[in-house]
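First comes one chain, alone, set out as structure tokens in the form predicted alone.
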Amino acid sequence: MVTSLHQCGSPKAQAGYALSEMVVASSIFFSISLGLLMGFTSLERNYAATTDFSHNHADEMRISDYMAMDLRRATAVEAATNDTTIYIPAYYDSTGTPQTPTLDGEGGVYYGALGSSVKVHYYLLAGTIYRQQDSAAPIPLAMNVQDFVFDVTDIGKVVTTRITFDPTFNSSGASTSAVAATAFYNTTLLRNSRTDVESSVY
């Protein structure tokens, strides 16, 4: 009887990667990983910049709406960059009660004492734009807007406002054209007679 025996413990050739193959595989892996990392970083930066732009644009509209509301009823305007004062009639007394309008005999109307007005001050301070009415506590309209610039141009019966900010899409800083592209304009027709310019403006 012939018995066939297998030598299970016989040595076999061991398969493996050569050093050159490991270098190539590692290079490909790191290249793909670096590309993915850069892609995720770029997406994150774009998302942050877009969110910042949207918030700043909403702040622009809010500031512009407040200023237009006061300018429509203004009797005097002192315009300056990031610091504008608007005078409006005293529609309400110190208790908040509406005052009865009175004719001034010259075709105009006044509220309260003749010649009285309410001072509304818009200004940028420490990264916040405030609206302050007379001596009341200032109300913040927009915060973290240290790069905002609001310009008011007084043309007499018409006043225009222009608000810009520095967009953050470029890490090297916003260019002049990029800042100009953020401009938000508003043109307001004043309804009341001006007290600080020639009466011909009406």
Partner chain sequence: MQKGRSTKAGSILVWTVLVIAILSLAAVETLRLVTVKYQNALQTSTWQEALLAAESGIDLAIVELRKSLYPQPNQAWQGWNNQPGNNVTGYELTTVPNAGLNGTPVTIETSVDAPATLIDPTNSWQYYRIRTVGTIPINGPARAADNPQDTKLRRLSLRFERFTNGLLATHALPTDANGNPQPQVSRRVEAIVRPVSAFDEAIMSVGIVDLTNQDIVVDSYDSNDPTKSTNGLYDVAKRQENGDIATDGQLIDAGNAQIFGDVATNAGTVSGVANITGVERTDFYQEPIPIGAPSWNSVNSSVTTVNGNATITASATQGSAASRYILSGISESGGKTLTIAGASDGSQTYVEIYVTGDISVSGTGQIVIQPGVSVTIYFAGNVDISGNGVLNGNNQPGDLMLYGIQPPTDTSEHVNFGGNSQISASIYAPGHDVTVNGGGTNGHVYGSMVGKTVTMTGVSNLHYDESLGSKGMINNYKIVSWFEDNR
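Numbering follows the first chain given and starts at 1. Values in this document were obtained by computation on a predicted structure and should not be read as measured data.
Omitted from view is the form predicted in complex with its partner chain, to which the following refers.
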| property | result |
| --- | --- |
| Non-hydrogen atom within 4.5 angstroms of its partner chain in the predicted bound form for each of 121, 137 and 145 | no |
| Non-hydrogen atom contact residue 94 with its partner chain in the predicted bound form at 4.5 angstroms | no |
| 4.5 Å heavy atom contact, residue 162 to its partner chain in the predicted bound form | no |
| Touches its partner chain in the predicted bound form: residue 141 (any heavy atom, 4.5 Å) | yes |
| Proximity of residue 113 to its partner chain in the predicted bound form, heavy atoms at 4.5 Å | no |
